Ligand SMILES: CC(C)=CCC/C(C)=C/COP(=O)(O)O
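The chain below stands alone and is given in structure tokens; this is the form predicted alone.
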């Protein structure tokens, strides 16, 4: 009797046909993960129809199941009470909409730094105007606080008139007020000196490492206004006083000691300080104790 025909794999054709006609959800169809997932979706659809649930929603829930794919690890489902992610601190957030004032201040600061570096032509011996550096340092000494304090005390000691003592006493008061105000502002602002500055200044103190405002500029503005107000000088000498104050402030930028805004604010501050001295003017009538040392019996 003739043997039935076999397929290439050696299986009967009847068995192959019966296996091919099996349902897609049976194990013999795929033998792998596809059969398991298909059976899971089919059972989910049946149960959803029996419970009156939308089949589309049930299919979506079945696709989101951790066992939808073979070999996948189940993940912990996020509950409804999951805490939101922590927000960044205010200083770590990117300012996507800066104010006009902030943009203007940053622009002015950039211009100030650029212009100060361009004008620092005497910052070192190898600079373009390095040969003028000794003259600039001589101007620095002429506007130093210790120079003016010692000079005022000496003139006050040698003075023999009440009018001269009164003027010198108020000049001493102005110089002490200037030192106090400048030191206070420098300690609060703490702006560093320019990077091209050489720390070879004449007699520096603790707050002299800071740049804002320029003490030489405040002193030059204060002293020049004081002299022009209370001393009778010829016009050429008055012009020389104004030029000395202006060149002294400019030398601070040329030496690299200060930025342009430090000197500009120093001129303004010194001008306003004289108004305080003029308002609190000391005389033998309202402050007699201060004039006892020079009272001639």
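Keep in mind the model is a prediction, meaning the values are calculated, not measured. Positions refer to the first chain, counted from 1.
There is also a form predicted together with the named molecule; it is not shown, and the following applies to it.
J.: Overlaying the pocket C-alphas and bringing the named molecule over as found in the model of the complex, would you call this site open, or blocked by 3+ ligand atoms sitting within 2.4 Å of backbone or C-beta?
T.: The site is open here, because the named molecule, transferred from its pose in the model of the complex, meets no backbone or C-beta atom within 2.4 Å.
J.: Do residue 214 and the named molecule share at least one heavy atom pair within 4.5 Å in the model of the complex?
T.: Result yes; residue 214 sits at the interface with the named molecule in the model of the complex.
J.: Give a yes or no for residue 107: in the model of the complex, does one of its heavy atoms lie within 4.5 Å of a heavy atom belonging to the named molecule?
T.: Output for residue 107 is no: heavy atoms all beyond 4.5 Å of the named molecule.
J.: With a cut-off of 4.5 Å between heavy atoms, is residue 120 one of the residues that contacts the named molecule in the model of the complex?
T.: Contact check for residue 120: no, nothing within 4.5 Å of the named molecule in the model of the complex.
J.: Test of understanding: in the model of the complex, would residue 204 fall inside 4.5 Å of the named molecule by heavy atoms?
T.: Residue 204: yes, in contact with the named molecule in the model of the complex.
J.: Decide if the three candidate residues 155, 165 and 230 all line the named molecule in the model of the complex, where lining means a heavy atom within 4.5 Å.
T.: No: none of 155, 165 and 230 comes within 4.5 Å of the named molecule in the model of the complex.
J.: When the named molecule is placed as it is in the model of the complex, which of 214 to 222, 165 to 173, 110 to 118, 128 to 136 ends up with heavy atoms within 4.5 Å of it?
T.: Correct option: 214 to 222.
J.: Select from the listed residues 195, 188, 146, 180 the one whose heavy atoms reach within 4.5 Å of the named molecule in the model of the complex.
T.: Looking at the other structure, the residue within range turns out to be 146.
J.: Sequence order please: the residues of 247 to 269 with a heavy atom within 4.5 Å of the named molecule in the model of the complex.
T.: The stretch touches the partner through 252, 258.
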